[in-house]
Structures are given as structure tokens and as C-alpha cells.
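Taking the form predicted on its own, here's one chain by itself in C-alpha cells.
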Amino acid sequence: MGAKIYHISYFLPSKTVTNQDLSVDFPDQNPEQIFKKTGVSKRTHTTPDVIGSDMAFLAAEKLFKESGKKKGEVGFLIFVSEGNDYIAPATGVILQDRLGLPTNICAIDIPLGCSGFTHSLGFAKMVIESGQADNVLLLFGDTPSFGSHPKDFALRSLFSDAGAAVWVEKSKSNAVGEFIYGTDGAGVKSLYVERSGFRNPIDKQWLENQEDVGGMPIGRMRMDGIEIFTFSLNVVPQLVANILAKNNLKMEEIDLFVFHQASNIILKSIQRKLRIPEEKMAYYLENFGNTVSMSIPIALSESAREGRIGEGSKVLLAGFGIGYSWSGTVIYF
């Protein structure tokens, strides 16, 4: 018994931020320069009344409509986000009720970002192969725009808000391969949301310091771009080598490499270091931006729609980033 991905759906909010829009806020950056630096032409931003769980809910409703799967069939629910509704209870519990799913299921949260898809897919595989459930509904929703300071060009030029839903189910073949995981908490401060929890919480002085934090009531995302770049180039090539070894595969046997869509410079650098042919790389930053834990399922969905993957394909997945955390596997079609 194994596990396989049966269906992927995603949701994008309607507000689009183009490079032309950004150049108005950052007059020292023209649209061509922005695209050259990031590989992004447009990003999607939500509104304050539509948060991560709302977009996950909309993606789930879309999945049930597109796939023909029934809500009453759901055996396990995992919600992945770093922007939950409340500190408590778990947002997965809220989504169980909101979607009208069975009450005899486990509903949990995984507070992860860039590695959130690959981590949660690994957990879904564990749940299914251990016999705890026949399927797992993975839901994703994040709003990096909420934590991006208006004057922070690096964050605003890269990140998008989105939601996604993925149905993983029991399979006679092991369509989801073996996993590699990694964690290095020493990198926490390279990418984190300052003043966003119980540790050093928001106070009056923070809210009134308009110049530095803009009165940001849920905290401010901080990113050290050079450290993130260095981490990615150090970790991802070894991650790929470990994934291949654990799954008894060689580089040339992989039909498509789907990495977390971090930034154009990171993806291009990984591609060069690993000598991956252009036709075997998934690049979906241009029209989606960095959608955090949704970037891999969106890339998979778009790759399938474009006919780049199909029956017999072997696809290597690798998520990496905030934490630091990383994980990956191979999926077989």
C-alpha cells in the first residue's frame, strides 16, 4: 500500500500587483529591473477580510467541485499556514466545521512556510501507509502581504497570497516516494515575523513607531536575502542528492524538478549548480510570485495542465526556506 496525489486545486485572490504598480512605490526600480531581479511580473494580494483559511476554504470547495470527491469521504485534514485564525484553537478544526467534513476525523495545523507542502505530503503518506486513514485533505493558505512593510521592496516584489487544496489517497502503488527532511533552527532570524507571538509581543511603542514598522498590528516579516540565498545554495543540492539516493534514482531519470518557487536567482543558481536542463525545470514565478507553501502544488498543477508531466513521469519535489527547514521526495505518475 502506498499514497498518491489524486487532485490539486488552488485559489488566487483578485487583486494583482504588477511591476508597474511597484515602480510607482519604488521609483528607483523600473518594471524591467524588477522582473530581472525577481522573475516575477505580477503578484496576487488578498484583502484584510479574506485571510489564509478563507483562501484554503475556497480552494477546497473548488477541489470538491473539480475532482468529484465527496466531503463525507475525507479521512484526515491537515492545514498548513503561518497565519492562522487564532493562536488557539487550531484552524484545521475551524475548517472541518466550515467545510462540513465528518466529525470522526483528525484535523490539525502545521505552521510551516516554504517547506510546508513537502512536509505535509510526507505526513499524509505516513497517515495513509500506517492505516490511520484512506485519504488526507491537505489545505494551504497564507498571506505574506500582511507582514510585508510598505517600504520593503524585497518582500513586496516577491511574495503573493494564495490558497491550495490537495487530495492524497491510498494507492496500490507507491506513487509518493521516500522522503528526506532537514531542520536548522540556527537560521530562524534570517526569515521570520517579528512581534507576531508571545515572545516579545506587540506593544504601544511598536504600534506608534510608524517609520520603522508602519504600525503593523500582526508583526513584520524580516528577511536577510543574502543568508536565504546562501542557505538555499548550500542545502538544496545536497537535498536533491539525498532524495535521489533514498529513492534509488539518478538525475537523468527525473522528468521534472519542482522546487519551491523562492526567487528567480535562487532557482537559476540551483539549476546551474545541479546542471539541470532547462526543459526539466519548473519556473512558475512570473505569473504567481512566491506563494510560500502553495508554490509547489501550483507548479505541479500548471505543469500537468501544460502537458509537461503525465503517465510515467517521475517528478522530484523539494521545499526549503523559513525555519530553516527543508524536505523532498519523488512522485510517480
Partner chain sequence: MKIERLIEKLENEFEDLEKGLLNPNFNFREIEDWSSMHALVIIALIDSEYDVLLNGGDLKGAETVQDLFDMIQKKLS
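Positions refer to the first chain, counted from 1. What you see is a predicted model; the values in this text were computed from it and never measured.
Not on display, but discussed next: the form predicted in complex with the partner chain.
Check: So which of K37, K42, K62, K280 gets a non-hydrogen atom within 4.5 Å of the partner chain in the predicted complex?
Finding: Among K37, K42, K62, K280, a heavy atom within 4.5 Å of the partner chain in the predicted complex occurs only for K37.
Next item on the list: Using heavy atoms only and a 4.5 Å cut-off, determine which of L233, A241, M126, C106 is in contact with the partner chain in the predicted complex.
Entry: Among L233, A241, M126, C106, a heavy atom within 4.5 Å of the partner chain in the predicted complex occurs only for L233.
Check: Is I226 a contact residue for the partner chain in the predicted complex, using a 4.5 Å heavy atom cut-off?
Finding: Taking the distances in the predicted complex, the answer for I226 is yes, it comes within 4.5 Å of the partner chain.
Next item on the list: Report yes if any heavy atom of A304 sits within 4.5 Å of a heavy atom of the partner chain in the predicted complex; otherwise report no.
Entry: Although the partner chain is absent here, A304 would stay clear of it in the predicted complex, with no heavy atoms inside 4.5 Å.
Next item on the list: Look up in the predicted complex whether S269 has a non-hydrogen atom within 4.5 angstroms of the partner chain, and give yes or no.
Entry: Looking in the predicted complex, residue contacts with the partner chain include S269, since a heavy atom lies within 4.5 Å.
Notebook entry, point to check: Does the partner chain come within 4.5 Å of any heavy atom of T47 in the predicted complex?
Noted result: Although the partner chain is absent here, T47 would stay clear of it in the predicted complex, with no heavy atoms inside 4.5 Å.
Check: Where, among 62-70, 293-301, 261-269, 280-288, do residues come within 4.5 Å of the partner chain in the predicted complex by heavy atom distance?
Finding: Of the options, only 261-269 has residues within 4.5 Å of the partner.
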